[in-house]
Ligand SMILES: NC(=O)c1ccc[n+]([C@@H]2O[C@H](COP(=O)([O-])OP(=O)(O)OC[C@H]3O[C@@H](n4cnc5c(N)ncnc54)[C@H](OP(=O)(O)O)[C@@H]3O)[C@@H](O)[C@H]2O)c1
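The form predicted alone is given below as one chain in structure tokens.
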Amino acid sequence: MRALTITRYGDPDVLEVRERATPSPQSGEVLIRVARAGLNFSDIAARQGLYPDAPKPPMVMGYEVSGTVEQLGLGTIRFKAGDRVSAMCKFNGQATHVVVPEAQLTALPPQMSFDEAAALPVNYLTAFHILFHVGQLRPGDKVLVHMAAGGVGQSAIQLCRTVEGVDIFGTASAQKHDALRAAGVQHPIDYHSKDYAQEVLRLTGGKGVQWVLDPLGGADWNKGYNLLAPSGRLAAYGWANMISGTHRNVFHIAKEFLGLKRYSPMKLMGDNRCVFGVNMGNMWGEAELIGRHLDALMKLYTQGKIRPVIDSVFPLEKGADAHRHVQERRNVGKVLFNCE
């Protein structure tokens, strides 16, 4: 099989497509012939050595795939060879084949494409877990979504629109604002030309927002906390600000850590605010919970209430180009790999 491999830490050119043995499914596992695999910002961080959960190089990233069941391990009962599925996998997804536990597979509705299926798991699960499990999005809430044109951002916007009267603020570069408005963002904010915090306060009459969805980290977590209205929630689900170029920059990393704010329970009580973190990559032991989330998302999809936005599909051999595309934040929606 072929796999997009991070051969060592560094810039996108460290990526190579390498041949490796096709794995065999063990008891309770399924071998998938991968059609599409998702690319996430965590993959960029892993390439630079900034993602502590990732294996050491040479490694194959990829948390989400769609494709066809090719082989079944002993004891598997839910699927058969040839079934169209999507799956979450703990790495190794950016390849022509991947083995995953049967519990982590979901059957695809007939109308769902492989592109849509690979774009659903990580991004929509993250947004759904934030908005409807850890928190509870309510009618009329005001929500600030950072990196609103990205995969999680687009997912969060669609999920917000399933609740009546939610007012959405989204940060993105100016050229993406038409796409944000079309997606349902009432207040696109160009973070290059405006201080988004001042703009949010202006638009809300100084009252702030009930939600800040923040994958940026560092100083932006602090700014987001200060934008929260009473009972507001800051959801931290990434640290994109840690990446300052194509290589790891230890001085920048140190600056980011030194700028972190510490939230004491006493201050949270006094401010009536909530701060929580989400990392779906650390939820592998919660198969039942993830299954319920995926069932709810598939129901929303079949009802036409959500539909993954695909920015582009790169062949595995263009892995470096795909990484640059995401790292430079040129995408509107999900970036995928064609693994066929």
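Numbers follow the displayed sequence, beginning with 1. This one's a predicted model, so the numbers in the text were calculated from it and none came from an experiment.
The same protein has a further form, the form predicted together with this ligand, not shown here; the description that follows concerns it.
Remark: of stretches 86 to 94, 224 to 232, 157 to 165, 123 to 131, the one touching this ligand in the model of the complex is 123 to 131 (heavy atom within 4.5 Å). Residue in contact with this ligand in the model of the complex (any heavy atom within 4.5 Å), chosen from V152, V209, V185, A117: V152. Listed residues A179, V100, L72, I243 were compared with this ligand in the model of the complex; I243 is the one with a heavy atom within 4.5 Å.
The candidate spot formed by M147, H192 and Y237 lies fully in contact with this ligand in the model of the complex, as each residue has a heavy atom within 4.5 Å of it. When contacts are judged by a 4.5 Å heavy atom cut-off, L50 does not count as touching this ligand in the model of the complex. A residue is said to contact a partner when one of its heavy atoms sits within 4.5 Å of a partner heavy atom; T302 fails this definition for this ligand in the model of the complex, lying far away. In the model of the complex, at least one heavy atom of L216 sits within 4.5 Å of a heavy atom of this ligand. Although the partner is absent here, V14 sits far enough away that none of its heavy atoms falls within 4.5 Å of this ligand in the model of the complex. Along 310 to 340, these residues reach a heavy atom to within 4.5 Å of this ligand in the model of the complex: V326, Q327, R329, R330, N331, G333.
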